[in-house]
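Just so you know, structure 1 and structure 2 below are the same protein chain in two forms, each on its own as structure tokens.
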Structure 1
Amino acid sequence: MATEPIDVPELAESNESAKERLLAAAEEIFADYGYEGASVRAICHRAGMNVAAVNYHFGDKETLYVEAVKRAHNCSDTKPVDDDDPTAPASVRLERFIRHMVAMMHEPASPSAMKLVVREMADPGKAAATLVDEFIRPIAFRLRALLQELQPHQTDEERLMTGFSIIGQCLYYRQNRRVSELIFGKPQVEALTVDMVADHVVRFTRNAIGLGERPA
């Protein structure tokens, strides 16, 4: 009681390691089965820990979920878009934006993290607000700024819809890949590589907003 806790550096490490394992396991299970479908027991089993671990480290299932989603969006690779060259022409930066977006959707650094993030976005829950603030909105505002440069004569609403058209194309392959495979067969869809899709979306979008064919 009387003794102040002082700092516990190495203990904190092992603490983080335990929480980290739990978060990693939660990310996978939540991504695969959804919030309701994932059981605390399955998560703890995956983490090699006891059922009580969730309650001890996070309090309850919901808190664990929110923390897992927060951790997931940190694992996503936002950086390549951050160090974008601001001196390049807007049309080039738009192309880079699209290519980064398509790549992120097709081959995310952490598939289960991306899966979990997209799941939360499709059905926004308690973690959605944080996710939007720290992960989604920055990307959306970057695109909006680009479109303001490229189409200053258009209204805000027109640019908003243009942004949705671009994002909609990129998101399609992540949100509807499996259905597409059911429709056209898996080989047909798998034949579409990241580069092919990126090239297509860039060309489709450039034509759509009047940038014309991309110069070689």
Structure 2
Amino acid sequence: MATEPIDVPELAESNESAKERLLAAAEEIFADYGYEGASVRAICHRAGMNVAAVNYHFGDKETLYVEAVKRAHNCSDTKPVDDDDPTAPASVRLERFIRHMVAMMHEPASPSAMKLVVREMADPGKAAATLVDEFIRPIAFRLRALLQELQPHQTDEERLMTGFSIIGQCLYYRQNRRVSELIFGKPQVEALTVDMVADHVVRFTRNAIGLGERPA
């Protein structure tokens, strides 16, 4: 019985380029069919690669899935900066935090990236745990620390809800962009620049937590 040849995948192609092709294909297949419904064969076919490519570059299907979810989550080129000036007032550091979050969330994500991340977060598994550990929890704890400085008399529950409100304002522009375009029209939504959105979220948040208008 003939078997499919097991070649070393894409020797003429760099490892990083081959891995990126696999991840792009995996993102689309996993988004459409989920982890259980997706097959390694379908992913490799979409990528135009030998079925041995997954084992060669990632070791197994589960690792490929985790990496595909991470890729989908990190589809923005803008990353949050470290708090490089801890001596700055907490209100300034909060504004800096918000502006970077808005910049991250304002870049449109591909439909497959959004679908894959939402699918994983709706039924969290190993990939969701990895996202939380590597990306989400550090950001959440940084925001919580800022709010503790700014609102030391708030209860933990109040502070948690305040944090959810701030993140929700930023996240809306990614998760609900296409629906907003259906409601209000694409030109009107596209006219909302990063600076416009960031200014709004900063102003809204400052007023909501009692800081008032930003000093001129």
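In this text the structure is predicted, and so the values were computed from the model without any measurement. For the two forms, the rigid core is made up of the largest set of C-alpha atoms that agree within 1.5 Å on superposition. Along the sequence of structure 1, residues get numbers from 1 upward.
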Number assigned to the form predicted alone in this pair: 2
Flag for residue 38, CA shift 2 Å or larger between the two structures after aligning core: yes
Residue shift check between the two structures, rigid core fit, residue 197 Cα at least 2 Å: no
Displaced residue check between the two structures: residue 122, CA, 2 Å or over, core reference: yes
Inter-form CA displacement between the two structures at residue 63 - rigid core frame, Å: 2.8
Residue 24 CA shift between the two structures in angstrom, with the core used for superposition: 5.1
